[in-house]
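A lone chain, given as structure tokens: the form predicted on its own.
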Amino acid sequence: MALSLIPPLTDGPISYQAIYQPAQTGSFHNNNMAALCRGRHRWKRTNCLHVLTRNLSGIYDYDLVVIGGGSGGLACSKEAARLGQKAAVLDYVEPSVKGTKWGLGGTCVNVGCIPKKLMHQAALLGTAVKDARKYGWQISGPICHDWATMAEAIQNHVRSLNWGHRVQLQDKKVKYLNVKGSLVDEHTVRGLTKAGKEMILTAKNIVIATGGRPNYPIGIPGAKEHGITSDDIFWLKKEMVLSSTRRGSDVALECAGFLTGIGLDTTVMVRSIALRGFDQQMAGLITDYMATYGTKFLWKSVPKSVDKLSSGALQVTWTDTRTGDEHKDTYDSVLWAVGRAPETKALGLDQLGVRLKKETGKILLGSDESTSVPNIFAFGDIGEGRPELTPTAVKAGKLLARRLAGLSAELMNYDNVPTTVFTPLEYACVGLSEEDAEERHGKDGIEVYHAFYKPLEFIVAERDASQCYLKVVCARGGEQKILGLHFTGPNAGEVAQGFAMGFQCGATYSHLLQTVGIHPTCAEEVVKVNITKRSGLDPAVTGC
């Protein structure tokens, strides 16, 4: 039995009455507490008392409260419920600077992976229609694309996913609250509704999975007033006539790729290098292909200002850092893709002593996703050093739920996580880049097998395949353990996903050679690769 303190129904000084009740999760809800008091002021006072009660008795509303309804947060809360835990998930989307808002599911579902892949597919279909003529399809008249039709179909699909997530939470007995959450202490969360109503929830454990939002550049006049981000582009009702994308990140290149693919005049401004953090030889192949595809690049350039002209067009002024010269051009839209910031500022972390990485604002985590404060955990994009990828957040969230339920000790393995950049020529990789492998093992400590190949699909269509390339980075000597695999070509993500499992099994180059390929596929070129960079021989694949 546990001792709880309840204020009497009186307007006088607060005294406390003692009652006994079972000490079990969820036995004492704050809505019941609120019923014992009159007026808004008394309700707030009761909330404070509810926190005191929990501290004295060990009674919590929930076993687990998750702040953040993205892919990882949803996966964590549903797994907890599956394991018999009482779980709640809080999710609230602040509209973008441009006022764009969306439903449950986080970045991936609403303004990331899903709409991006579908727009990428729209662009690939445009290329396929052009190829079709070479295959005998009689297509008369010019080929054109209607943005509104595409956008409506994609947005309707996203809304169906929003609804599906809500249904899943209900089916799995997870309490969904559309409120903005912040931390009061290591067991208490404050929720704030859109209307400004406050609620208090207590939990044995609290998980933060709030993800991140796109940055706007600092110190560039007109950047916020006239620019959009990835939070907005997928919800535009009409297409951009001319577009300019800033920075050579994966998001910038992916957006520029599908915009070019559906027929828009698109320019990418790159301050330094493209695809920072990825293998730079592969990055060069991607941007070379995009240039031949029709995307323009402004290298070594830094934007200075964005001004709206009387015509409605946006005039962008930038500086070429190689010459110092200033340039100007006009665009219909400017999309900023200059990185993302973790959604940690409004959580009250500093007051609780949750440690952050000063330079990034991300939460410092242990290998078990623990923060510096007991009973508070975090994972996903807000974790310092964690991959900003949906599948890692989903898996990390599930594993965390199992550990908190006391049913597992398994930790998330963040090594050898595969990923794909959905540019017009897709790039997928798993493991180390050639640069990182060389830095860790030395130039003489690695062997790089590589090949330029021509996809069968490209041949009849007479498409340029000079950037279709793969390389397998291995430790030199012994069994030649595979350290990294990189692939550009059609369906690159599908190719890399299969080989990624081999990394978990300690795949070696000899394992690769023992594998029988599937013919005719692009993936079979990986198991056939036999030319090393060290040999200096021509890596071009000949024959079928």
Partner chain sequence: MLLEMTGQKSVPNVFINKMHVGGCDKTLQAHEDGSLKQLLSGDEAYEYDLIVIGGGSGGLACSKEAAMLGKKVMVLDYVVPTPKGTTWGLGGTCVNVGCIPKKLMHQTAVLGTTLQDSRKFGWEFSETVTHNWDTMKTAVNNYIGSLNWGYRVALRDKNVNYVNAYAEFIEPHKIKATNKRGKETFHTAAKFILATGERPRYLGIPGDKEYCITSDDLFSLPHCPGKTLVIGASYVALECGGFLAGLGLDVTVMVRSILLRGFDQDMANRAGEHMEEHGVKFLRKYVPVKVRTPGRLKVTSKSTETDEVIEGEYNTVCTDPSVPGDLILVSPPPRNGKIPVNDEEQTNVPHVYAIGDILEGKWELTPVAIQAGKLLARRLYKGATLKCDYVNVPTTVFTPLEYGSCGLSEERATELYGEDHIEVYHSLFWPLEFTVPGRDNNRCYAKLICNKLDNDRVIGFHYLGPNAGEVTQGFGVAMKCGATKEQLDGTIGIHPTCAEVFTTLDVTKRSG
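Model, not experiment: these values are computed from the prediction. Positions refer to the first chain, counted from 1.
What follows is about the form predicted together with its partner chain, which we do not show.
Only one of 358, 443, 308, 134 comes within 4.5 Å of its partner chain in the predicted bound form through a heavy atom, and that residue is 134. Put simply, of 395, 190, 304, 276 only one has a heavy atom within 4.5 Å of its partner chain in the predicted bound form, and it is 395.
None of the heavy atoms of residue 289 is located within 4.5 Å of its partner chain in the predicted bound form.
Although the partner is absent from this view, residue 523 contacts its partner chain in the predicted bound form, with a non-hydrogen atom inside 4.5 angstroms. Mapping the unseen interface onto this chain, residue 477 falls outside it, with no heavy atom inside 4.5 Å of its partner chain in the predicted bound form. Its partner chain in the predicted bound form comes within 4.5 Å of a heavy atom belonging to residue 149. Here the marked residues 117, 422 and 512 all reach its partner chain in the predicted bound form, each with a heavy atom within 4.5 angstroms. In plain terms, the part of the chain that comes close to its partner chain in the predicted bound form, with a heavy atom within 4.5 Å, is 451 to 459 out of 327 to 335, 364 to 372, 92 to 100, 451 to 459. Shown here without its partner chain, the chain has no residue in 350 to 367 lying with a heavy atom within 4.5 Å of that partner in the predicted bound form.
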